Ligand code: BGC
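Single chain ahead, by itself, as structure tokens, in the form predicted on its own.
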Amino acid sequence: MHRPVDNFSVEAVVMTAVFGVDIGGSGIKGAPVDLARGVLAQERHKVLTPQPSAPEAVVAAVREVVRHFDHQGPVGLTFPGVVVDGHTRTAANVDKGWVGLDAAGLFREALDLPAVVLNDADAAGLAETTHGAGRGQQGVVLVLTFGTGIGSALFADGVLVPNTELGHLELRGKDAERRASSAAKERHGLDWEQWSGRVDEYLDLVEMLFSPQLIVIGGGVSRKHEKFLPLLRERGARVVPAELRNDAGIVGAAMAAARATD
């Protein structure tokens, strides 16, 4: 029986290696994960997200990633949208055919393996608060992933509030991720200083709403954190780069799968 991934406790993990898959708007990547250390057990394998990203095409791409490793155990998968009890409720940056699907059931059938699906930023947050920049931090922690969109994972004293999707907060009359994601940086041809100004606006908004003690910046752009973090204004919350960088989603997905199949 599958259990929800909120209120995650690392003590619930009894296996040392499970497979994680991170489904994004532009790429799908996966690898076996060493759960004891919170690191990839092998170099990840990545394929491009099919365009259009209809369910059948994405499932085929995920199957290719998993079969690349000949994996035969539980699989955790992230999804860029709201996920409740394995069902995908929204699909902002992938095909709308995902809305309302029993995604966990779809992947279990396609892979013929135990599978669990959760929000992509929630997965990254689980990894960062257990093994990365947020470990041991009490109070309110906000993990933000900047990529095709902006994902968010909100924790209060280590407890996850799932599916916050704060990239869709309104900023200057539109979804915040349309202005401040790393994809928006590329789309509008912004330099690091221009983009950091937009990120500052967004951080002002989330800080006003949630008063976090710590903000962890993740996603693909986190590997270039030295180019923009020093440009951000000082604020009440500490702002730090994700330690697991862009592997956090894979690690968090595997953690969720381990707990769900315990």
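So that there is no doubt, residue numbering starts at 1 and follows the sequence shown. Just so we're clear, the structure is a prediction, and the values are computed from it rather than from any experiment.
There is another form of this protein, the form predicted together with this ligand, and it is not shown here; the text below is about that form.
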Ligand-site call, this ligand overlaid in the predicted complex, backbone or C-beta contacts under 2.4 Å, 3+ atoms: open
In the predicted complex, the residue from 77, 126, 150, 143 that sits within 4.5 Å of this ligand by heavy atoms: 150
Contact residue in the predicted complex, chosen from 92, 113, 171, 190 - any heavy atom within 4.5 Å of this ligand: 92
Per-stretch contact check against this ligand in the predicted complex, the hit in 130 to 138, 161 to 169, 69 to 77, 97 to 105 (non-hydrogen atom, 4.5 angstroms): 161 to 169
Heavy atom of residue 180 within 4.5 Å of this ligand in the predicted complex: no
Residue 121 within 4.5 Å of this ligand in the predicted complex, heavy atoms: yes
This ligand contact in the predicted complex: residue 184, any heavy atom under 4.5 Å: no
Interface membership of residue 86, this ligand in the predicted complex, 4.5 Å heavy atom rule: no
In the predicted complex, residues of 64 to 88 near this ligand [heavy atom within 4.5 Å]: 80, 81, 82
